[in-house]
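Heads up, the chain below is alone and in the form predicted alone; it's given as structure tokens.
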Amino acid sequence: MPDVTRLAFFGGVYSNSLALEAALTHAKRSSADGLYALGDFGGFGPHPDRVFPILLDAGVESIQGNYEESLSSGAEDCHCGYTDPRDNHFAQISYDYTARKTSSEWKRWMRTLPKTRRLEVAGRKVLLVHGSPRKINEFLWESTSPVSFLEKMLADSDADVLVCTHTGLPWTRLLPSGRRVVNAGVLGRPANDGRTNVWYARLTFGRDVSVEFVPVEYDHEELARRMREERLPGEFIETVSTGWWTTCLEILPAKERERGRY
């Protein structure tokens, strides 16, 4: 068999230390050769400071998301990119909680993280970003990202493989040029599919590049309990408990929203 390299990519953790631990355990058992986190370590969930030691102890290579950019610079909001007032209302609650509960030590650490990371794997140029190569909080949706747009974006970025997150929904597309886009999804909350598990992306590089979205089961009931203790919004807890998004819905394109309950 030809030599292969297996890499694991984790989208927004959103303070979900339980899911992060479960994903890392699975990735290591699956013989991952490298572990990468694509930012947004806080937000949505409880106890954000519990996430960072887990990342460091596991040797995860990390980049900034919009949360790290905002928290490390003392911004007043998450710069999540929402435009709807209801979306922004819940985003502000999440950001304010995370800002209060994240120590100054970890905010300083966030400032040291790069906004992008480039890898050379099996002769392919791999670019890691949070939102897109153009903007840290750009949403790359499956239904609204035409092939021509993605081809130009990867060509302009000099990338054969682009790995991103930010939307919360995993997807991948092989382009006519042979380039590939992968949205790794997120570990922080379910993918609006009525399932309580979360997802990460595993890429195998050999003669070709294969992509697998790996479901991660974790103790979501314990997460919900911690969220209640921290008096986080009931809407957030409902999402963790049911697998359906109750917030950040207005930003969803029509096709993505149709898949959900609300």
Partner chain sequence: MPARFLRAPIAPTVSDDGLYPFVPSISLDTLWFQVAGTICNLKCTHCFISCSPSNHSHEMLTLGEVRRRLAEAIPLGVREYYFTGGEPFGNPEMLPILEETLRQGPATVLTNGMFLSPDRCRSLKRIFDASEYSLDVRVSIDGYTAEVNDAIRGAGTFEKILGGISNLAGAGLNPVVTVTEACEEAGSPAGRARFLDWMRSIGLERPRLKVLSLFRIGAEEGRLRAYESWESLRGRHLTEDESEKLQCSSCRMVTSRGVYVCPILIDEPRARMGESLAETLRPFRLEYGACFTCHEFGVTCRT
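Here the structure is a predicted model, which means the values were calculated and not measured. Numbering follows the first chain given and starts at 1.
Omitted from view is the form predicted together with its partner chain, to which the following refers.
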Interface stretch in the model of the complex with its partner chain - options 177 to 185, 101 to 109, 140 to 148, 158 to 166, non-hydrogen atom within 4.5 Å: 140 to 148
Candidate site 75, 116 and 133: all three near its partner chain in the model of the complex by heavy atom within 4.5 Å: yes
Contact flag, residue 258 vs its partner chain in the model of the complex, heavy atom cut 4.5 Å: yes
Residue 173: touches its partner chain in the model of the complex, heavy atom cutoff 4.5 angstroms: yes
Any non-hydrogen atom of residue 96 within 4.5 angstroms of its partner chain in the model of the complex: no
Its partner chain contact in the model of the complex: residue 79, any heavy atom under 4.5 Å: yes
